[in-house]
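Two forms, one chain: they're shown below as structure tokens, one block per form, named structure 1 and structure 2.
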Structure 1
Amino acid sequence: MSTVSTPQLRFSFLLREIENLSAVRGVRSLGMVLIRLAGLQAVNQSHGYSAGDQLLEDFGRRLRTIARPQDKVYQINGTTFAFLIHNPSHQGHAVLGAERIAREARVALELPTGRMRLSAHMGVSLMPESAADAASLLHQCERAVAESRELDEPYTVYTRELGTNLGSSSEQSAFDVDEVLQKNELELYYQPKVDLRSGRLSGAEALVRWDSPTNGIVSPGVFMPAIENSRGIHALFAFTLNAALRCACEWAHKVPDFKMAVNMSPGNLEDPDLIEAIADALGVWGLAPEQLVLEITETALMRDARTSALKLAELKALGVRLAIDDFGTGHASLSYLRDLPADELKIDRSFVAPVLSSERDRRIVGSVIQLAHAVNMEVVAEGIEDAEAMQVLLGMNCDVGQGFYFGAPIPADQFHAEWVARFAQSSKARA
């Protein structure tokens, strides 16, 4: 068993390791437990940075004690660990690993400054049973971690066979937009977008959640695939647009220059009534078009480049803002930046996360920011998880940040209490 316990380790290194390991003769299967520790910031603040470091080291040591000689433990970007299980004897093996890790994460460390403990959220997946390659293995584990955090569970398994609540076919087929809308089970969560230079709230992104009676709060990654290519996608967009604008109409009165971002699926661009529906919703909620941001992923734009370009031009003519979401994950080329009438470029979090550890990634992100600015686009960095990353991005002249460092997506009333109230200005002060 080997441990690489350097905080400088990058995800790209982990991907190469997984690829190399899976190519070794005799390795039939690899299980991965991706572990994200939480609470370190509070420990650093209350007990000092060396206590935080000690806690991380101690956790890494305890992980090594659970690993078998052939398993591997990696520490990435400080608070993320990956535990690779060689030839898990059966699928439950990886789950047992996650359960043991969860127990280790709960163990408190005694320091002269007091007792401290961290909490962990984990995602489990297996290759080739669930993931076809290293990148999908990591991606599935990431999604499972996000789900664990969402549900506040120690771990989530990304395999259909294990009856997971992530992407399981039973859950997808149980999702019928019209039905859940009728039962009032869809809700929007809001995540803050923060102006990096001033630290002020610049807007929110509306992210849909399904409050399922059997599974609790379910993320869009689970149920969206089931409706992406159906008529349901239009009903979902109509719901998100109206629910988000209803909040925006109140919040934009309180927070200067507040913008509400709503996600669109590829299918939405094919709706002949799209422009009218957006214009109507803006009219109903009394919002100026530039207060609405429509986020569209590169991949969505690629689906039918010509229709997309035409629809985007119509949307632009309406005056709404357009954002290219998850930039860097699709196949966007320079011609996109040249031809698309987009106002915002959202750099995907897979590029943002390594800015601290990798000079190369830092340079790529820096160049993308310059490029976007050269064509008058505002740059939003997604997935900022700590103050250091935020500082690096600010130093690179990034405009807006979004991510757990500022705040996770939360329900509307909570967003109002925690964000809108904090940045509200009276109309007198604004005049």
Structure 2
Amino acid sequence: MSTVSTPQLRFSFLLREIENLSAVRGVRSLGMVLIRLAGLQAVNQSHGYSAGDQLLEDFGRRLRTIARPQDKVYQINGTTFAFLIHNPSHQGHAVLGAERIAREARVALELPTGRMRLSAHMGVSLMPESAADAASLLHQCERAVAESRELDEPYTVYTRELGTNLGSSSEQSAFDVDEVLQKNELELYYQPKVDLRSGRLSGAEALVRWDSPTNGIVSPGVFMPAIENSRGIHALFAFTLNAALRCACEWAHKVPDFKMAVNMSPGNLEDPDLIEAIADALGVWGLAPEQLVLEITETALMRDARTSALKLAELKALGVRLAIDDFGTGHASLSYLRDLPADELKIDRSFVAPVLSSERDRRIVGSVIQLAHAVNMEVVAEGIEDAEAMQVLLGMNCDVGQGFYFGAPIPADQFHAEWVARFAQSSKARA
């Protein structure tokens, strides 16, 4: 029977356990899933520390139901768990474990104080296939956890490319937009946005990824800081805009009212040629302006509120839709929100995640939805991870949902096959 150890164990203990297990006769390999839970602080604040402890204990018990008798589960430093798999048949065995753990992390626990849940980011690696020893196995899983957070994925499998420290300033500066464009190393992934009332596809958000030949798939959180204040930010936006509109042009013919969302950085708002570049791209790809949604974060808007408002007014005059992204994480006042010429308000996932467990957060989200509707904004909830959260948001009259419950970001061909084709067929069937 697998066991959960006491919450105060240190990683040094885990390293010794890995070394001991790998030395056991008959153990040819070990797979490890390192699990970092998120959301405990919100639970503690809303329901008390005893409720948070109970939630962790419940998660540990559910991990034991996943583990085979020869597998082991350890709890390290409270919100960190390690799941050791004896003799995984292949990498997919460990990945399957991570997928099952992700589902268990989303299961709500019923307590007198309400329904509570956590979310998880995980890193997966194998020894000796990838790691030579216990320390390397743990380090690789740590790197994979960090990547899963960066990509906003539930888990990431360690690869050799992740071994490079992409966080260093020297490696950030190695990202050259012109060079990666010339080598065709940039790719867009698309995450579906779903109308909560009808359940139909309403659009997609385009997310850029760098397919580095030495580092694999790299998220923009790594390379964007290096180019934010350079001309490279304009070249990157031009690529993203045109690649997204090329797909949107095809998909909009098949899915009624399809809208493509493209992210803008603060540096883009300072580009004097921004309006002309967007108008030209719309003309080239033959897309109506209202089918393009430009997303700008609340924090970016507040960096220079006056300049941002003027630029947004110019964009609005062009006819495109404007969305305030990650609302709730910045410092925008309600009066500022009222004055912005925006069409959509995206509620940040940090507010969406606790709606099932926190009455306070439900009231905040409900109030934001009412406010947005009062100023004729459509509301998009980010980070929806299960049907229960979707139903709560639907009950609050939220308009659109986005998150892993509907689908993770995927390449264009996969998005077309899994989303566009499905809703194109259903629309034909009703015609």
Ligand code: C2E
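For numbering, take structure 1's sequence and count from 1. Just so we're clear, the structure is a prediction, and the values are computed from it rather than from any experiment. If you superpose the two forms and keep the largest set of C-alpha atoms that fall within 1.5 Å, you have the rigid core.
Student: Of these two copies of the chain, point out the form predicted in complex with the named molecule.
Tutor: Structure 1.
Student: Can a Cα shift of no less than 2 Å be assigned to residue 131 between the two structures, given superposition on the rigid core?
Tutor: Passes the 2 Å threshold, so yes.
Student: Once both forms sit on the same rigid core, is the C-alpha displacement of residue 265 at or above 2 Å between the two structures?
Tutor: Residue 265 C-alpha, core-superposed: shift of less than 2 Å.
Student: When the rigid core is used for the superposition, does residue 391 move between the two structures (threshold: C-alpha shift of 2 Å or more)?
Tutor: The answer is no; the displacement is under 2 Å.
Student: Keeping the rigid core fixed, work out how far the Cα of residue 35 travels between the two structures, to one decimal in Å.
Tutor: Here the C-alpha difference is 2.8 Å.
Student: Please give the CA displacement of residue 67 between the two structures, in Å, after core superposition.
Tutor: Superposing on the rigid core gives a C-alpha shift of 16.9 Å for residue 67.
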